[in-house]
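Each of two forms of one protein chain follows alone as structure tokens, named structure 1 and structure 2.
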Structure 1
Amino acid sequence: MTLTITRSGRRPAHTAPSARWRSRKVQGWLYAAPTAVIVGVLFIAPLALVVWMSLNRWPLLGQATFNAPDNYLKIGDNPLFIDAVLFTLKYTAITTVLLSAVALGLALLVQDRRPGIGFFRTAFFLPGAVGFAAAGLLFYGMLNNDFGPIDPLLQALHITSEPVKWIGTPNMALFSTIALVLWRFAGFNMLILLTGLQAIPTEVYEAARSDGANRRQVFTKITLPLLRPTLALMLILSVTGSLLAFDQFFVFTNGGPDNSTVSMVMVVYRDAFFRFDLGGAAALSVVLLVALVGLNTVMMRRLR
């Protein structure tokens, strides 16, 4: 730094090469400084704060008072949360299995370059551009018994004889939400798998075929094992996304019928902004946070 100060105490405007007027270390820091500020203030600080809040009685308005570990002990008495955990796990399991299967099927169908395939890739991928709130409202209208097109269509095809309660029973509400999620995310997951499929060298396939492997053997002995890292990435994204589901239930089923589709994050939201108990919501957040980081670590290790 001292090298950069001239006798008059000012920085030289353009000594050639001026790149040397500060050490590379300081320059590197300057480029990274905005990142550091954002990460520090908006990520590290809230992480610390959520832990602190979970140790306090923290009403939406008014003074916070230290009450540890009450917020954590309360979690066990919250029957809605226990139900929400079970429901979210069930939703995550079904969604992840179906999403992986559909995305893999789509990726295999569109993996070869042939005429018109770009159109189909775009068609499957396009719903990914629609936000969850918009997609939720769209399905809400589409499945409506009086106005939506789905009931008349199914009746015309003699598949059903009367309007279906799409979000009127717990099972159908779950099924409809999963249909919405598949529509919205299958194309995105297909794209992830497509990058993995295209990274498999064609020679491997040729060698297998010349050894007399049939299509099923090629798929189970070559495609699937070589696709493993990409499948792992997709699984992690799908599991994390499903465990944290909120928008689809808030907009589409509104937690109903009868609180049967209340997800874990919805409980956090309700605790904070309907029961005005930010401390309790923070404790739930910390539990969720620890569980998810733990789960992600385990998944990454096992799936590698």
Structure 2
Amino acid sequence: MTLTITRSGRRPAHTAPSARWRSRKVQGWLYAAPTAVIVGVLFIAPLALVVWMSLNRWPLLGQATFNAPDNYLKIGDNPLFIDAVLFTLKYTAITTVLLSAVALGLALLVQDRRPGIGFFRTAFFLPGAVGFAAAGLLFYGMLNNDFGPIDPLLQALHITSEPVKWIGTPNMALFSTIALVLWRFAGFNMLILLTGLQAIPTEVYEAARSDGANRRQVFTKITLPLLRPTLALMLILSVTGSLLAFDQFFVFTNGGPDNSTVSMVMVVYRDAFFRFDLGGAAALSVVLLVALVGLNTVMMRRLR
């Protein structure tokens, strides 16, 4: 076997990548290709289309005409937009706080392993398997003043003397919807927090107890700090879902009474399919998307 030696007595450096490295690079692209195609077709392409629609006068039927930036300038003229923004922010704040508190309480309740705890975990999570539209119809039927069972039950127990207008006033409609969301999502968020709680090493709790820490100190000094990444995930999911709320209001209250429960996504829906202004609806969608990305970025940085 001969060995080629340069004048300096060293082997020549390889300038081209090896065949194995090229093969691994191709395999990596092949593995990523299906996901890239799905993301491109189901996310990037529709997003680009929505942005392009927001720059045009785009009727439901007829030819689109470029009119940028008119669709964005007329957002403030929408009679429902400002009220919908204020209502959605109010709904998001109340829902996020209550949902986080209830989910954390349920997670702490079923954290320890003991007989029968699996039944309660399943029972708390079970409403999450119900579709949102079905849950809205279920609550509508239960709280209906004409045929719902809740009002007769409350009157039989002498809690109320007359039927309660569960969705007849703005405040009652809001809090009835929040009750629906708590019932639907508390178990799901409990599961997220339970995963974070079980990831905390038991040795940390044992060391704290050996140092004389009480329950409150263990919760505030150990559980909450170590649960912070999981709490951040749950908060981001809760805030994003609340800002994009649509199903619960569309099915349960239909935006009433007197448009008091119209969310931002419902304004987009009404612009698109009642006013047939797809360009204006697309502009609202883009503004909502930018606001969501900015808010989630701030939350991730603050909770990191």
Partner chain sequence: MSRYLTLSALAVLFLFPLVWSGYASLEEPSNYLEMARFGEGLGTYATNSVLVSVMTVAGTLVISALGGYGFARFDFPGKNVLFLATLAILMVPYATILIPLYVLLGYLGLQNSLVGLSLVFVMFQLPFALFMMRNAFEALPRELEEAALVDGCGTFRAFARILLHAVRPALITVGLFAFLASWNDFFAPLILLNDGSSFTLPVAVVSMTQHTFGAIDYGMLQAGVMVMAVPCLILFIVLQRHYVRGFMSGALRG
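A quick note: this is a predicted structure, and the numbers were derived from the prediction, not measured. What we label the rigid core is the largest C-alpha set whose atoms superpose within 1.5 Å from one form to the other. Every residue number counts along structure 1's sequence, beginning with 1.
Taken from the form predicted alone is structure 2; the remaining one is not.
Superposition on the rigid core between structure 1 and structure 2 places the CA atom of residue 28 2 Å or more away from its counterpart. Comparing the forms between structure 1 and structure 2, the C-alpha position of residue 61 differs by less than 2 angstroms, with the core used for superposition. Once the rigid core is matched between structure 1 and structure 2, the CA atom of residue 38 is found 2.4 Å away.
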